[in-house]
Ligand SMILES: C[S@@+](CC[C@H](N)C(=O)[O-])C[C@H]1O[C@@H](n2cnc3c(N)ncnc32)[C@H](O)[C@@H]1O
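Have a look below at one chain only, the form predicted alone, in structure tokens format.
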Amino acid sequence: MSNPKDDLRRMKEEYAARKERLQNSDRYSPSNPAYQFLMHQREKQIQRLLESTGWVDLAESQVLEIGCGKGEVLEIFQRFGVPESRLYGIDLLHERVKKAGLSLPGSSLANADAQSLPFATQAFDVLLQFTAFSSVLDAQVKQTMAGEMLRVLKDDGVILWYDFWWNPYNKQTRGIRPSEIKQLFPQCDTQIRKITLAPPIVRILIPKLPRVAKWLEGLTVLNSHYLALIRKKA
């Protein structure tokens, strides 16, 4: 039987190694046109999904992100109208939490494990999970995380899920398909969309053929991520 603590240790080591590998790369820089395209398209799809389900006015919502990193996703929700004082985030790495705090000084951020969220039951209207679960290899850890997310989510709240389903280049991750999303949240209604043209393709096309990249993404066949909206059943 695997030990959940071993998986947490592995993730921390992988995050540190990834930071070292990418320290001289602009792959995830806001100035990189391919990265700009990926982030712009993702934000547009998030907004469309929220609008289609009636989540238009977020000004009074309490929002928590699991695995908030440096705060880029929380910044999206700030642009959507959520006050900083209503933005919360947790991350395994203290350094990431510190950087997120520089971008969102009015938010509430914590160095914490998603298996034991330091928040009251039914405290949040919106929970965000953006590529945190695919970094977890242990099935029990994922199930515990999902349970904690449901615990702190209000009965009429939503979980917004964004994660990839396949990444053969990174053995430290494991893609998650719709069937597994539904297994993690069995007592919930789930709406799922396939979005985000595979990043390696985007990096090839964007410098010279941006219209082709948009067209391919619209076909969804080569899209690498799922965007899901998850609600507790009444």
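We number the residues from 1 along the sequence you see. What you see is a predicted model; the values in this text were computed from it and never measured.
Form predicted together with the ligand: not shown, discussed below.
Checklist entry - Is there a heavy atom of E72 no more than 4.5 Å from a heavy atom of the ligand in the predicted bound form? => result Contact with the ligand, yes.
Item to check | Proximity of V136 to the ligand in the predicted bound form, heavy atoms at 4.5 Å | outcome: It does: once the ligand is placed as it appears in the predicted bound form, V136 has a heavy atom within 4.5 Å of it.
Checklist entry - Are any of the heavy atoms in C68 no more than 4.5 Å from a heavy atom of the ligand in the predicted bound form? => result Yes, C68 is a contact residue.
Checklist entry - Quick one: is M149 in contact with the ligand in the predicted bound form, heavy atoms, 4.5 Å cut-off? => result No, no contact at 4.5 Å.
Checklist entry - Heavy atom within 4.5 Å of the ligand in the predicted bound form: which of I159, A132, V82, A100? => result Flagged contact: A132.
Item to check | Region of this chain that lies against the ligand in the predicted bound form, out of 149-157, 86-94, 119-127, 101-109 [heavy atom, 4.5 Å] | outcome: Only one stretch passes the 4.5 Å heavy-atom test: 86-94.
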